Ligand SMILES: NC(=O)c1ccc[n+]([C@@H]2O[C@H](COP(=O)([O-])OP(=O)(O)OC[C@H]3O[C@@H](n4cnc5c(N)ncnc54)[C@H](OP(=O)(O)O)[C@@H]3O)[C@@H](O)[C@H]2O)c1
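Just one chain is shown here, as structure tokens, and it is the form predicted alone.
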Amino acid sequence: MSTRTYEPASARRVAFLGLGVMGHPMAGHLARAGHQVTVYNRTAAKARAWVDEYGGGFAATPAEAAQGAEFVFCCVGNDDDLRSVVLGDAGALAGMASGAVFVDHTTASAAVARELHAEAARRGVAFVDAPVSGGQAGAVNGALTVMCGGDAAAFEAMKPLAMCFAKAVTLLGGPGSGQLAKMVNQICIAGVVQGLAEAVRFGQNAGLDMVQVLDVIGKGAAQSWQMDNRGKTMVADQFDFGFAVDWMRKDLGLVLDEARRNGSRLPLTALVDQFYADVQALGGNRWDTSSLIKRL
């Protein structure tokens, strides 16, 4: 966990659903900032381990975790996982009081964000879709970028809490806008990583010292986050950290589905998605996304 400091704020009653590589540290930042946090995880042992580390409490169901919570945060895998922790008798909405706010950090579809926003509204609960960028390191260091969609009042209420684990939290429009912005983010990343992979392999084939080359070109117009953080690990053939290929393919699937709906042409994104399928065929399902270079 990072040693970051937190802005003074009134302690709030909070639930956090989903304690994976992102959710575990995100919930930890809320606890470290002084909020009263109850957690839920599908694998109960992870919830117990979180409580052993941070205090607070854990619940057997999302509904139990959400009881009495002013804010319920969530970070799970996909649309179906999200519905499973929100809807139904054991879902969070069943335990939330009118006026509470549900904040979803899952990278999911814009359609499910709008669906759950409408269902929450019927129960007097606010819903903010708030996918994040910055990866596991951003979650651990409390330096995520959060892209939000929903109602302005709910956004303003949740923003101070989200700033416990973020460096930027921005409202981009109505329900689903956060998810659409995350899709834009993933389109950008896909193209940049493929370009970086090709550049590194080209330089290696040309006999260049690519660590030195990356130092040089990283000071010019070619510089990017991917170059700064993944270029030298590509050179070193290291792919055991960061954002997994399986997760990227899930995200790019959401992007391509949305593109078909809104009429966007994404030839490069579709091509890179297939390149990631090649990486999966090499056994790289859990390699970092920078492993695109392996297929070259």
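This one's a predicted model, so the numbers in the text were calculated from it and none came from an experiment. From 1 onward, residues are counted along the sequence shown.
In what follows, reference is made to the form predicted in complex with the named molecule, a form of this protein that is not presented.
**Asked** Of 243, 239, 54, 58, which one comes within 4.5 Å of the named molecule in the predicted bound form, counting heavy atoms only?
**Response** If I apply the 4.5 Å criterion carefully, the residue I get is 243.
**Request:** Note which of 191, 77, 173, 160 lies within 4.5 Å of the named molecule in the predicted bound form, where distance is taken over heavy atoms; exactly one does.
**Result:** Filtering the options by heavy-atom distance leaves 77.
**Item:** Distance check, residue 38 to the named molecule in the predicted bound form, heavy atom within 4.5 Å
**Value:** Although the named molecule is absent here, residue 38 would stay clear of it in the predicted bound form, with no heavy atoms inside 4.5 Å.
**Asked** Quick one: does residue 109 come within 4.5 Å of the named molecule in the predicted bound form, counting heavy atoms only?
**Response** No - in the predicted bound form, heavy atoms of residue 109 and the named molecule never come within 4.5 Å of each other.
**Message:** With a cut-off of 4.5 Å between heavy atoms, is residue 262 one of the residues that contacts the named molecule in the predicted bound form?
**Reply:** So residue 262 does not count as contacting the named molecule.
**Request:** Using a 4.5 Å heavy atom cut-off, state whether residue 204 contacts the named molecule in the predicted bound form.
**Result:** No, residue 204 is distant from the partner.
**Prompt:** When the named molecule is placed as it is in the predicted bound form, which of 263-271, 29-37, 63-71, 249-257 ends up with heavy atoms within 4.5 Å of it?
**Reply:** Result for this chain: 249-257.
**Request:** Sequence order please: the residues of 11-29 with a heavy atom within 4.5 Å of the named molecule in the predicted bound form.
**Result:** Residues within 4.5 Å: 18, 19, 20, 21, 22, 23.
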